[in-house]
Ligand code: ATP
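Below you will find one chain, with nothing else, as C-alpha cells; this is the form predicted alone, and questions on how it binds or moves follow later.
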C-alpha cells in the first residue's frame, strides 16, 4: 500500500475491501481509498496540509489532495435496497465499522486494515475464506438485492482462482433460475466489461456453463468457431483495441437488454458485426472492402464467430494497404468529378492489393489506364 501522511490519533481510519485483499494475496493494488469511522467530511476539515477537492454530502465522501496524491475518504455507512436490483440508499452515516463492512459483496472484500496500527479487522470470516480460496456472500439476499455480485464473483474467480463455496453457489443457482429483469443494466454492463476485459476463455466458459448469461438473456451464448482468448490476445498486443469485452459479449445471441446502455462507438462495433456476420467474401478485394471501414473489434469478432482465416488475412496482410492518389489529382489530370472516381479508386485498389509495392506514380498510371 502507498504511504500516505495523514494523522489519525483515534485510530478511526481504515483501508477496506480490495486493497486489503490484494495486499494479503501479494497482488499489487493502486487503490488509496480510505474509510473513516464517523463523518469523513468533518474529519477531512481537521487535517493539515490537505486540500479538499470534492464533497458528496449524501454519501459522506470527500476527495482530498495530500502531498500531490488524490485520495477518496468515505464515511462508514449502512445501506438498504428499497428496490432489488437497483442502487442502494444510505440509511446511516458514520455507523460502526462492522455495519459498514456488512454491506460488501463477499467476505474477502469485507476485510479492514487499521491505517495507523496495521491491524487486520475481520468481522465476516474473510481471512479464512481468503486462505481457502472461497467466495462467500455475507447474507442470503445478497444476489437478490444486487445481481451484479454474481458477475463480480465470476471476475474474482477468474482473477484469483477462487470458487464459490457451496451455499453461495446454491444461492447463485437459485437466483439464476428465476432472474428479476427489473435491474440496473448499466451496472450489469460495467461488471461484464471489467470481467471480459480480463480476456479469459475461462471467464466466458463459466459465464456460459454456470448460467450467468441468464442475467442478460434466457438464450445461451453461441459456441464460437474458435477459442476467443488466443485470437484477442494476439491482436490486443498488435492493435490495442479499446473494447475487448464486446468481442466476448457479442457472442451472445441476444443482448437487447444491454443495448440501451451502449455508447455510440459500442453500438457501431456491434451493428457492424451484425451487418457482415453472414458475408463470405470471395477474394482479397472483397475482404478489404468488407472490413476497411469497420472497427478492429468487429473484424476480430468476425474471425471468432464466422471465419478466422478471412479476418486474419485482413489484419495480417491487407489492413495497411492504402491508396495514395486523391480526387484532386484526378481533377488536375483533366478528369471531371463523377461517380466514376469511385470506380477508378476500386480499379487501382484491386491492382495494389495484388501488388502492394505499387508507387504513387504507378497508381496515377493505373488511373489514366482506367479512364482511357
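For clarity, a rigid core is taken as the largest C-alpha set superposing within 1.5 Å between two forms. Residue numbers count along the first chain shown, from 1. None of these values were measured; they are calculated from a predicted model.
Heads up, the form predicted together with the named molecule isn't pictured, but that's what we're talking about next.
Given that the named molecule is not shown alongside this chain, does residue 185 nevertheless sit within 4.5 Å of it in the predicted complex, heavy atom to heavy atom?
Because no heavy atom of residue 185 falls inside 4.5 Å of the named molecule in the predicted complex, the answer is no.
Using a 4.5 Å heavy atom cut-off, state whether residue 284 contacts the named molecule in the predicted complex.
Residue 284: no contact with the named molecule in the predicted complex.
Whether residue 148 contacts the named molecule in the predicted complex should be assessed with a 4.5 Å heavy atom distance threshold; does it?
Looking in the predicted complex, residue contacts with the named molecule include residue 148, since a heavy atom lies within 4.5 Å.
In the predicted complex, residue 33 touching the named molecule (heavy atom, 4.5 Å)
Although the named molecule is absent here, residue 33 would touch it in the predicted complex, with heavy atoms inside 4.5 Å.
Sole residue of 268, 208, 113, 155 within 4.5 Å of the named molecule in the predicted complex, by heavy atom
Contact with the named molecule in the predicted complex is made by 155 alone.
So which of 159, 134, 193, 294 reaches within 4.5 angstroms of the named molecule in the predicted complex, heavy atom to heavy atom?
For this set of options, the contacting one is 159.
Using a 4.5 Å heavy atom cut-off, which of 119-127, 103-111, 246-254, 90-98 contacts the named molecule in the predicted complex?
Result of the contact check: 103-111.
Determine whether the C-alpha of residue 63 shifts by 2 Å or more between the shown form and the other one once the rigid core is superposed.
Yes, the C-alpha position differs by at least 2 Å between the shown form and the other one.
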